[in-house]
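What follows are structure tokens for two forms of the same protein chain, given separately as structure 1 and structure 2.
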Structure 1
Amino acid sequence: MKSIARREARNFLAFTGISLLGFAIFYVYPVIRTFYLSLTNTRVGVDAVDFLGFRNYEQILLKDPLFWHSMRQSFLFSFIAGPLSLLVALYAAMLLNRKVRFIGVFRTIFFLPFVIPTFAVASVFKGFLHPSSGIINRVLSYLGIQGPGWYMDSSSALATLILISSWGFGVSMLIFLAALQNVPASYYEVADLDGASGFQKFRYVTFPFISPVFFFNVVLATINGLKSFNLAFLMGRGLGFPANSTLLFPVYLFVTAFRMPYKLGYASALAWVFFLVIMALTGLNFLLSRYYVNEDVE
């Protein structure tokens, strides 16, 4: 038995050794290294390093107004953009679940925006939403309406980010679509015989079947919304322009680590605080899921 166990262990390492090594190098080691850096005052290009203990965390939680501001912006962005993108994705999936001609073409068209790189999306929307030369405000001016400042006005910049972010709902839409296609048609037939309305069929038939997938998308939307970086970085010029209104937490983390004075230790502490926040919200999602996820709908 011992020889069999050793042979199985060798086979396991032979097949998974490279993956385990890669996981240790690219995941485990960076996590441990980042925690160590968070306890120091490490700076890029500075050799002298002092061990600070948890003083970086104390500075973050008690003496850093930009931390709280960036967290507030990220929470607003995530808790508005996330539900919005989920609703759009679910509605689009329900439309694409219908049996009509050329449905494959329509599904491809709906998914294409997700494939477009973020920098291209940001560039296009910067042109569309420019306060003076953008086509949106020019059309509004023809109608006698004064258009907003969009991404160049601190009062509307975050709302503009949220609006643009709804563009990329392709993955959630595909996940919803796969779940919708697994709902038995016989349940809808019974609901029709009972005279159920469209809303009643969604509430009592569709949603119970797709509720586990809905929960999965909620978790993804929460995490992706909080760690959203590319769009905010590009629209806010990498500095939270204007007036820190687009300074989401990942942008603040990047600026802290990779802009003068390159406070890598402090940024590592910021990353760990952010990790704990995301973990707490993910746990909250799991707790709330018991109220709407139906795991035994059959």
Structure 2
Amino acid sequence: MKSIARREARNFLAFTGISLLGFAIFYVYPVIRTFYLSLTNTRVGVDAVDFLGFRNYEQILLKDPLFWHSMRQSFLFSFIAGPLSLLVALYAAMLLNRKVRFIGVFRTIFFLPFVIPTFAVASVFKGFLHPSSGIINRVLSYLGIQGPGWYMDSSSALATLILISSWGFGVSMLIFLAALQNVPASYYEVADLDGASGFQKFRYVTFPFISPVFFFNVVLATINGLKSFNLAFLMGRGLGFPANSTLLFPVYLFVTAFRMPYKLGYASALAWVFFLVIMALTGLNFLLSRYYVNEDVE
């Protein structure tokens, strides 16, 4: 018996050993090393390294206006962009759930933006929303409206990022559509017989059924929105253009660590603060989830 167990363990390690090694190199070591670096003033190309204790953290929380600014931009971005695109997604899913014709065509159209790589999205929208040569300001001019400067103007650039990212609502729409199709048709028939209005059907039949999926995805999208980097990096020319308005926190961290003067130590402390913020939000969500998940319909 013992030899069988030993052979099993040996086979197990033979197959999984590479992942244990990889886990140590690519996850365990970096997390620990990042913490160590966060206690120093390490920079690329500078050999002298001082041990600072927690002074980087002190600097971040007390004396770094860009940290607070970029955190604020990231929170604004994710707390608006996440719910907004999911509301659009839910609305589109409900329209498609009405047994309309050409459902496949509409579904493909709505899903298409999700497939387009972010760098292409950025390059398209730079032209599309260009204040003088873009389409949208042209359309607005037909209505006698002077269009905004969109991504060129620091007062509208963050809102522009939010709108552009909502364009990719198609993937959440598919999730909601699948959830809506699980609502038993008989519930709607009963509601019809009772003379329920469209809104009442939504309020008392649809919503209780899909609210767990909806809120779960809203929270997920919001927390993931804090990690959003690509679009802001591209639209903001890698540095939060214009006037730091698109300097989301991950962009600030990137610039601090990987652009002159390559402050790896300070950026490591930023990364740890960020990690703690995300963990706190995830924990909070875990505590709150029993209030918004409706147990009855699960």
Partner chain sequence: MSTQGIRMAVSSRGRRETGRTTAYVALVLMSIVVLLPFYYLVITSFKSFEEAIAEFKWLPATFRFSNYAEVLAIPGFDFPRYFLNTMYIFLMKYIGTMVTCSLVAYGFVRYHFRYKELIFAIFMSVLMLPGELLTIPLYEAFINLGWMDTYRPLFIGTYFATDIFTLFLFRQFFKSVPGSLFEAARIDGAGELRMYARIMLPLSRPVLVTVFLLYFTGTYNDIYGPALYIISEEKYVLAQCIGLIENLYNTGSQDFLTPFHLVAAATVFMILPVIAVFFAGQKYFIEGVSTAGIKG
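Numbers given to residues start at 1 and step along the sequence of structure 1. Definition used throughout: the rigid core is the maximal C-alpha set that superposes within 1.5 Å between two forms. These numbers were taken from a predicted model, which means no experiment stands behind them.
Point to revise | Of the two forms shown alone, the one predicted alone | key: It is the first structure (the form predicted alone) rather than the second.
Point to revise | Arg107 C-alpha relocation of at least 2 Å between the two structures, rigid core basis | key: Yes.
Check your understanding: If we fit on the core, is the Cα of Lys227 displaced 2 Å or more between the two structures?
Key -> No, the C-alpha position differs by under 2 Å between the two structures.
Check your understanding: Core aligned, does the CA of Lys201 move at least 2 Å between the two structures?
Key -> Shift at Lys201: 2 Å or more after core fit.
Exercise for review: Taking the rigid core as fixed, quantify in angstrom how much the C-alpha of Ala92 shifts between the two structures.
Suggested key: Its C-alpha position differs by 4.0 Å.
Review point. With both forms put on the same core, how far apart in Å are the CA positions of Arg10 between the two structures?
Key: Here Arg10 registers a C-alpha shift of 2.3 Å.
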